[in-house]
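This document opens with one chain alone, in structure tokens, the form predicted on its own.
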């Protein structure tokens, strides 16, 4: 085994072992020298443990499933103090539950992840005026319909009030991958982001600038729909003036984020033994938003924007047959209920597993936040 502080890798480079508090940037740095990576988080400072217990989704998930699907073994401390392992051979029900079931079963102290052969990649990070958002939404939906089936590539798409960022990512070296053709003729703000053949760790460093602004208060929110360009545009036009008003009133930084999820994500999850998340087996979009502000007096105003927006996604989505009742835990807000969105059967099974491994319900009582089964 090679010892890399909070990250170790086995001799044939197929398994990486992580401490739960290690940040993804440190994971990628440690593994880069071996020419491999893991399916992890795009946020450089995000911790591995909570990310994976919430399911975990990143750019390369189309081919490999969710991050949680790529765990080989969890080491976990149970409520009675027992240290045990959960994997495909031991405590298999607990293993299934930990792959997206949240902080309901114990304290995870170590995780073994299968590595993936991704190091040298192609990407382009482009900045655009938010006046170009409609054209970019057209390109994004066209790519989802026609190009997303090639799981080597994915698109990151974040609309702000003034600037929009589009990231095109290809998991191997390339020259302008054809599936991204809908984006190539849309002019960027100068200086333009140039295509680059580089490494995953270099990209992770670049993505740091897309992160938060350091505000004291922040929130997220999520909703899921089928792929539909008119739905995307209608909700964006609903959000835009409200977002501007909230920003003008509170100074909050607000974003409108598209996360493409191809059908292959759910298919890969099933092939790897399944998980409790109940992700629909079809192409879809997980909308999310990042809200950042400074004054507690503005909490209801700022959070009201994302609540109204997700309500509009649901209203229009249901009216048009495009709404999907799934909530991605890692992007859900405090008042949302992602565990219930996993489906009645999966939720009941999660509760039974929690009762088996935590019969006194310690972890439901000592935690006053997070997505708890007792509140689902």
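Just so it is clear, the structure is predicted and the values come from calculations on it, not from any experiment. Numbering follows the first chain given and starts at 1.
Beyond what is shown, the protein has a form predicted together with a small molecule; the following relates to that form.
*Asks:* Between the options 36, 46, 30, 322, which residue brings a heavy atom to within 4.5 Å of the small molecule in the model of the complex?
*Replies:* Result of the distance check: 46.
*Asks:* Please tell me which of 258, 238, 220, 96 lies within 4.5 Å of the small molecule in the model of the complex, judged by heavy atoms.
*Replies:* The option sitting close enough to the partner is 220.
*Asks:* Answer with yes or no whether residue 313 is in contact with the small molecule in the model of the complex, where contact means some heavy atom within 4.5 Å.
*Replies:* Taking the distances in the model of the complex, the answer for residue 313 is no, it never comes within 4.5 Å of the small molecule.
*Asks:* Within 4.5 Å, heavy atoms only: does residue 64 come near the small molecule in the model of the complex?
*Replies:* It does not: once the small molecule is placed as it appears in the model of the complex, residue 64 has no heavy atom within 4.5 Å of it.
*Asks:* Looking at the partner-bound form in the model of the complex, is residue 125 within 4.5 Å of the small molecule by any heavy atom?
*Replies:* No, residue 125 sits far enough from the small molecule in the model of the complex that none of its heavy atoms falls within 4.5 Å.
*Asks:* Report whether the minimum heavy atom distance between residue 108 and the small molecule in the model of the complex is within 4.5 Å.
*Replies:* Yes, residue 108 lies within 4.5 Å of the small molecule in the model of the complex.
*Asks:* Where does the small molecule sit in the model of the complex: which of 53 to 61, 347 to 355, 305 to 313, 334 to 342, heavy atoms within 4.5 Å?
*Replies:* This holds for exactly one stretch, 53 to 61.
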